[in-house]
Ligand SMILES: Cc1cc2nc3c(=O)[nH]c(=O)nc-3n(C[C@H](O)[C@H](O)[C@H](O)COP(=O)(O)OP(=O)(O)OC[C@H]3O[C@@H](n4cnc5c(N)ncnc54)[C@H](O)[C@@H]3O)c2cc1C
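Here you get one chain, nothing else, as structure tokens; it is the form predicted on its own.
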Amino acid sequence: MTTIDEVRKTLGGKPVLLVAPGDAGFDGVAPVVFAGDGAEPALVARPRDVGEVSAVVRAAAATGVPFAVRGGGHAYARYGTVAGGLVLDLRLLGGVQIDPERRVGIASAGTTAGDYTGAAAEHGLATGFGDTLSVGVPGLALGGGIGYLSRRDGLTLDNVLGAEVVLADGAVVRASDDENPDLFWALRGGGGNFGVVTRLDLRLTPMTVVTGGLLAFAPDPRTVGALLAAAAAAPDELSLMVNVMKAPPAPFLPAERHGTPIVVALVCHSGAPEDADAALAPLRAAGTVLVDLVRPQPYPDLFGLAPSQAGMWPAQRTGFVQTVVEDVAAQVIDAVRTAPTPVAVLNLRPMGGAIARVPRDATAFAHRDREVLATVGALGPDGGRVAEARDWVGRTADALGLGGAAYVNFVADPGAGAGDAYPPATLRRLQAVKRQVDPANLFRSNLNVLPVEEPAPARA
């Protein structure tokens, strides 16, 4: 009897939908968003309620089968799958409830940012996520969540009010400031290390029309620093992301720019519309504008700016910088020009504002004092060029000085350890919670916090 046979036997007559290689529908549910080595799971369990989630978790623990939990499937390191093992696929546990009176949104385990944002918008409300509609809400929130509303409202995890969690022994618990507060602290920034989150309660804020969109600039190194300086001086209502990137073949860009370096700012002003032009003026003055698509629009429409990355092979490195000085920006622009992949980008997300006002030890996200989240990425459809792409990412990240602290949600190296993302004091506290709720490390297909006494050394 194989381990997978043991899983089936352990589940017994429970009505969990199980899909194995060769079954109808397997090829549609087994892959995650990003391409990888092609190894597939031996079994995908698709629960439809929290009781079935608990049953699958207990079966995984009892059999010792390699185990992964899949939500939106957007982890760059492909944490949502495991070769020859059991995948717990949460996508059938969709559903959003919006309570406009209490301004609380409830996201089930399979809810995407698009599902939730659309439902909240019907009531003139929003919770800030990142910049992609198809990402799963729980996975995003457990690692951080920095996007269009972050400087005004904080990270997504700062707006988590409570969670329902299935622990490694199958127990279903509630985590909040008042119930299991240590677990609640760890969930907000500790990723999927502590259990399966089957429900999140999230704070909603009023949001209808924003002034936002895309500004594309000629590839002048001075523009990068000017945009970051403008962001640092901007009101909290202005959030933006800056990309130094290969221009995509988008119809709004001149054809002669396609495939060549450009600087792009994705902006969102969520304050009073009459204040938008003044807030945006320093951004528009940052360089030679090629395209200006910034306009008043419904908040959900901003998410249409993010391209699909499904099926791409990712190479990526993430960290934090204070700024990007002119000579480094020039190096990055030159690097983008010669990158080996069709998608090559330095993504910069200015922090500050409400992010920085949360006490550093209030959650497991311990990078509140950082100025800019920086990520170097290379993505392409050809798996044969992954090594070349990784070399390019490494050289470009080194030029930026990326090292030490990393952002959990953007880690792409499956071999990375928790010491790469958390300061020692934060990691020790996470390990203490891990020993309480998952001492056997069932939940390890993630940026893994080990249930040990001493933290692994942080990357220099």
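Note that the structure is predicted; figures quoted are calculated from it, not measured. For every residue, the number given is its place in the sequence shown, counted from 1.
One more form of this protein exists, namely the form predicted together with the ligand; it is left out here, but the text below deals with it.
Taking the partner from the other structure, the ligand in the predicted complex has a heavy atom within 4.5 Å of a heavy atom of residue 409.
Under a 4.5 angstroms non-hydrogen atom cutoff, the ligand in the predicted complex lacks residue 238 among its neighbouring residues. Not displayed here, the ligand is approached by residue 142 to within 4.5 Å at the level of heavy atoms in the predicted complex.
For the chain shown alone, residue 115 is not a contact residue for the ligand in the predicted complex, no non-hydrogen atom being within 4.5 angstroms. Only one segment in the set 208-216, 293-301, 351-359, 126-134 has residues whose heavy atoms sit within 4.5 Å of the ligand in the predicted complex; it is 126-134. Proximity to the ligand in the predicted complex, defined as a heavy atom within 4.5 Å, singles out one entry of 149, 202, 376, 197, which is 197.
Among 268, 90, 332, 389, the residue placing a heavy atom within 4.5 Å of the ligand in the predicted complex is 90. Using a 4.5 Å cut-off on any heavy atom, the residues of 60-78 that reach the ligand in the predicted complex are, in sequence order, 69, 70, 71, 72, 73, 74, 75, 76.
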